[in-house]
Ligand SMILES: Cc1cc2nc3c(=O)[nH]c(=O)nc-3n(C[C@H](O)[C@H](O)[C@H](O)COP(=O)(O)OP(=O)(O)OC[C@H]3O[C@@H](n4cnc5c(N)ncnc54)[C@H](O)[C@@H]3O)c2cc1C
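Take a look at this single chain in structure tokens; it is the form predicted alone.
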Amino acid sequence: MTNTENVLLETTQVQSALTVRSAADVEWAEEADLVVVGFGGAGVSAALQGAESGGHVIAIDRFDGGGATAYCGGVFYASDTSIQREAGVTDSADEMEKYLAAESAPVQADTLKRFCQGSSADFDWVNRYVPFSGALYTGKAQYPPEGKFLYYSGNEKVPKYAEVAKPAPRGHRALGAGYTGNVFFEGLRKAAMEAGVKLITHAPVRRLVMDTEGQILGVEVHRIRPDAIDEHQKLYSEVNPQMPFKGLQYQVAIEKCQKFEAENSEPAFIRAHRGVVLSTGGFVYNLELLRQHRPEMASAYGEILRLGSPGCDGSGMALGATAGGYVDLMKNMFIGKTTSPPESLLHGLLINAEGKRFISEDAYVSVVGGAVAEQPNNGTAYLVLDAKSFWSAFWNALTIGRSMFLFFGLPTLLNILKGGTRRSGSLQGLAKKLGLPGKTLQDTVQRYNEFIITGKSDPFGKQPANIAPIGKGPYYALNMSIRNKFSLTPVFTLGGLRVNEETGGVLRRDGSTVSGLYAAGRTAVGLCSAGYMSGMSLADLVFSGRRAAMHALGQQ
């Protein structure tokens, strides 16, 4: 095993696979055709598809189900959908494929084509259980405002991408108020239960069972004792990825939960006749693994916002590794920095500790965040605004609407008031307060304004609709640095187990497949493992979850 795989085993309580001569050597507590480990978005998709394919399915979750999906925005990326047509949008799978190819999806070309060509059908499948709306938003925002549910969720309108593929709004937000990941998950969960899926909760899976030929036979689950379940759920509830400023507290709760599970569980074996699907999420709550692959994020764990549930500790990857699977792209992460809403913030300039601009301010949130993380002085960055744009953003944040205020208005105001915002009547004075080279900042602003005055396109590709000259002072600088806890930096991991892209089967390093073992969602390398945009994770986890179930049960 590699050092990464050793760290996975050391930090997740996963044990080496139990190898037996045959299934008859094990006393199985329960049996199923398909066993799904992890009941978040990918897990519920695999379980529901398995049941619809005629299989007897047992789904197992370390906690109560939902995982990171229940906390997410509930956005599904797809083309040529009934919702788009309802909104008067013309789109095609071919245009979606061209766009995603330009975004460098880390999968084979035929996999990307299959995903895009099937995205409409995948969406229709989800839409049978989850409500959506064609209320269209055409502006630029990380997340659409209340009452809007179809929007441009990536970089589709950025000039360099628009030249390659016709832009179209492909982000389909589940119908509801605020973030609607809970609506998305609950719709699929209810359908899975009605389809006959058996769900076992509060039951960490600690090892795989395999025969001497390498065939996966089932899993060993450590079920929390009935009298300890309430306390286990309480520990889970102490970690809320949508609640900032509690990174240190969450780490203590996670470590306490691991100890509690070791002391309050009983082992049992569950047989999987056709296959096991690993879908336990990523590893953003595995601090040691973060230290190994992204030390700058690990050192900032008290300030960043780790998106995921406490189950996102890499345990599914560890299970796969014990059977010979291997992990890849572990350094790749979503690192977010929100510059809109309020949209007035897009009129500013993002500069680094040298006073230089380094990214288009209206790029997708993870593109901005990734660029900020790479800047000197541990990801130091500021958003420079003139008085007009600053006060417009301030008042827009106050009046953004009740449900959106919590996710966008309040964080913007907190950063303005608590995050170290600086003000000066001149750019030179502002640079002095920030400890930046005064002339460099002045030159940066002057060059930007000259591009606008002369009608030239922005060298960083900022969309014309979001371009405005930096006007009269006083000038303001919002602290957008990684280590500023008031400038929220949401983070989650994108790497995982390598899988056969035709089947979802877990791969060994020699290219062979572990028989009977599959991985899906953020436990596996998928379509968004090289870079993420809103909607791609849910679309990928449905795609990969359904793929695994269908192949395990012989449907493809």
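Computed from a predicted structure; not experimentally measured. When you see a residue number, it is the position in the sequence shown, counting from 1.
Below, we turn to the form predicted together with the named molecule, even though it does not appear here.
Novice: Considering only heavy atoms, tell me if A42 and the named molecule come within 4.5 Å of each other in the predicted complex.
Specialist: Yes, A42 sits close enough to the named molecule in the predicted complex that at least one of its heavy atoms falls within 4.5 Å.
Novice: P342 versus the named molecule, in the predicted complex: is there a non-hydrogen atom within 4.5 Å?
Specialist: Outside the cut-off, so no.
Novice: Any chance Y179 has a heavy atom within 4.5 Å of the named molecule in the predicted complex?
Specialist: Residue-level check for Y179: yes, a contact with the named molecule.
Novice: Consider Y532 of the chain shown here, and say whether it contacts the named molecule in the predicted complex, taking contact as heavy atoms within 4.5 Å.
Specialist: Close contact exists here: in the predicted complex, Y532 approaches the named molecule to within 4.5 Å, heavy atoms only.
Novice: Choose from 304 to 312, 321 to 329, 245 to 253, 116 to 124 the stretch whose residues reach within 4.5 Å of the named molecule in the predicted complex, heavy atoms counted.
Specialist: The contacting stretch is 304 to 312.
Novice: Pick from L497, I60, L517, V57: which residue has any heavy atom within 4.5 angstroms of the named molecule in the predicted complex?
Specialist: Result of the distance check: I60.
Novice: Could you spot which one of M480, C72, A272, A192 gets a heavy atom to within 4.5 Å of the named molecule in the predicted complex?
Specialist: The option sitting close enough to the partner is C72.
Novice: Using a 4.5 Å cut-off on heavy atoms, what residues in 477 to 504 are near the named molecule in the predicted complex?
Specialist: Residue within 4.5 Å: F492 only.
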